[in-house]
Each structure stands twice: as C-alpha cells, then as structure tokens.
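A lone chain, given as structure tokens: the form predicted on its own.
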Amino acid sequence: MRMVDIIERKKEGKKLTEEEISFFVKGIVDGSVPDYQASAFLMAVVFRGMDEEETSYLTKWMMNSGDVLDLSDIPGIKLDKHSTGGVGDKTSLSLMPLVASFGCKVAKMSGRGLGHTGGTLDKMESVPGTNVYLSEEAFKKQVRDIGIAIAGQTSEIDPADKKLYALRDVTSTVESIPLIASSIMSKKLASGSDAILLDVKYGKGAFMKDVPSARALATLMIKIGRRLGKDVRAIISGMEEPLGKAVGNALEVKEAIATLRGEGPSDFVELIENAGAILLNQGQVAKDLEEGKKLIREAINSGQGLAKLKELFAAEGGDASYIDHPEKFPTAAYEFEIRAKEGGFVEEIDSLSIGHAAMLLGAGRSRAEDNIDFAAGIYLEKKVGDEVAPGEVLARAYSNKEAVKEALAEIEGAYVIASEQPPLLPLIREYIEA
C-alpha cells in the first residue's frame, strides 16, 4: 500500500477502506507518511469529503494512535462534556461540579486557549497552586475519590490528532466537518468516558457560522460516538454574542463562582440548567430533562455545586480560599470604560471582535507559546437587548498594559446600537439525542 495511491483515490472522490485510513494514521504517528503527503491528503478531504463510515474509521484509528484511558474500574457512568469553543465560555467550571455533586463521575480532559477562544486549563490556573496535569493514575483516583477531575491531556493521548491539528492550522484545512468531527471525537473517546455531551456553538464567535453547519457537525459526532458504543448527545447553542458577561481568565472564574451562588447572568444560567439536565439524565440521576433542570437549580440554591468546585481545586493543589473570597483574584493595573455614543438598544455584540480584543489586552494567546495575563479581560455591562443611554458604560476593559488603543477600538466596534429593541433568539437552538 502506498500513500500516494490513497491520496489519488480520495482526490478522485472514492471511498477509502478502513485499511487505507489505518495506514494513513499509523504513518502520521511513526513518520513514514511525510508532512507533504499528509497535507495533500487533508486538502483532498476538504474538497471531496468523507462519509460517516470513513469518518468513523478515521476517528477510531486516531483514538487508538496513543493511550486510551480505561476508566472501567471506577464505579458508575463516567461523564464528559465538550464545547466547540467560544468567547466567555466558562461552562465547565460551573456545570461539571454541579453534576458531580449528585454522585456522578465526571472525567474531563480540557485544553488551553488559542486566538479568540479561551481555555478551561488557563482559567483554572488563575487559582494559585492549581496543577492541571495529572498522571493517569492520579486522574482516575481523583474521579474515584471526589467524583470529578478536570485536567490537561497527556502527550500519550491521541498523538495523531496533535500532528494533524498542527498541519491543518498551517495548510488552510481546518474547516472540514469530517476533520473537525474526528479531531474532537478521537480525543473525547480516548479519554475513556461512557457518556459525552457536546455543546456545538454557532455564530460569529464560533467555528460553525450557522445552525445548519452546527447541526451537521453535531449529528456526525453523535453517529461516530454511537458506532463506537458511547452515549453521545448534543446541544446547539449561540455564540453570536459572548456567553455571560465576563471574558478573560480570572474574570470568568469569578463569574462561574457567582453562578454557583445563584448570581449568574441569565444566558449562562440557561445553558447550565439545560446542559446539566442532559448530563444528569445521561448519568441516570434524572429520569427526564425537566427533573434534571429542577435538580440543577436545587444544587445551586443549596450550595452543593459550589462546595464541589472548592473540592475540585483543593484536590488539584489550588488555593480553594479563592472560591470563598473571589476578591483575592488578581486585578489589572488599568481599567478602561467603553461608553455608548448614542442611545437605543444593543442589537449586536460581535463575539469574534470581543475575543480578539481580550487577546490584545493580554487574556489570550496569538501563539501557543505566549504567556497570558490572568487579570486581563472584558466585562460586558450591556448585552444584546439591553437599553442604553448616550454616554452609558457598555463594557469595561482590564489590562496590565497601558497602551491598548486597538483593543478598545475593537470593543467599541463590536457593539451595534439600534433604535428599536431587537428580537431575542433562544441561546439553545436544538437538542439532538440521536
């Protein structure tokens, strides 16, 4: 078998066999398939696509290209959740402790932020002392002992994806639904959980720009998961405007804490209640979604979700006193106000511009090796649908840099003010169970 023949077959739009896809993935990992051939293959997939069976084979062999966590010795259903990324998405820090507080086993591996999207690991590290890199045994022990672990992936998990992801980034082959689906699902399946909830974002601040594209990606990932024996479900949620009001690492952790105290912004609470209900149903705690929502609300009101968040940070070496005293989080040296030039209603907040502005302030990375400033970020005083008077504060920007003119201009440009109140779309557009 030769890689050039496999590239030729896909270039002609032919369906590949499992053996051909296995040959490609193994060659990526052992180096026998050079980057130039891998890049040619990826471009052929972008133009010719892959069907469900081919994508399932690609996912399966990527998943098995490295270690696959075996969580079978941990009692109960192991739950995981994945978001396709966005601006202000601190969901895991509120959602997963709430779910774990009911005795569910949450085994989540997360990533870092790059570009306009934030990373859960960066947010967690804004709590001093937190160690997000656990050995496999430490990860499993923590899930077994306290019911939850959120940690970084080890280098041994899915090495094929690491290589392919880097190539896709520099060869303009990122936006392919089969390649996105196999990348996400191979990592999730290698992490060993029994049930996975996917939060597939759409809108200006997301990979998928509209609901049909998000639906196509979600449906494909569910089918892949089912083929490989996992309970995979999905919600499609909006990222036309940032999620919640806080964008930036420490700011988002503080908002996650506030949400577990019953003081969260309405859109974020809506997402937490709905996603939590699905996860509790997957974990066989709630018989249906209505009961699940009720249980999530009770866990917020009782404080049991907040207590589990403290337990999570303490287990990973973090100073859990920050959860009780969010005022201990670092504050930036400079605060800037962005004010409305005219009155009316907020019609739009461009998520991509807000995310990019946060990166310029120091809250994100333009390159993987960049350092981030935990205190930097943006707080949105006004959200879509809110009425605003001339001169009223729309948003506040925080940075340890004094010269942030470009970032402030981006924030101002992200806001569109209209004379009439816009219709408000639901945050969660669809729930896909099968």
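Position 1 is the first residue in the sequence shown; the rest follow in order. In this text, all values refer to a predicted model and were calculated from it rather than measured experimentally.
This next part talks about the form predicted together with uracil, which is not shown.
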*Which of these stretches, 277 to 285, 328 to 336, 183 to 191, 231 to 239, has heavy atoms within 4.5 Å of uracil in the predicted bound form?*
183 to 191
*Classify residue 168 as contacting or not contacting uracil in the predicted bound form by the rule of any non-hydrogen atom within 4.5 angstroms, answering yes or no.*
yes
*Is there a heavy atom of residue 179 lying 4.5 Å or less from a heavy atom of uracil in the predicted bound form?*
yes
*asked:* Please tell me whether any heavy atom belonging to residue 207 falls inside 4.5 Å of a heavy atom of uracil, as the geometry stands in the predicted bound form.
replied: yes
*Residues within stretch 418 to 432 having a non-hydrogen atom within 4.5 Å of uracil in the predicted bound form*: none
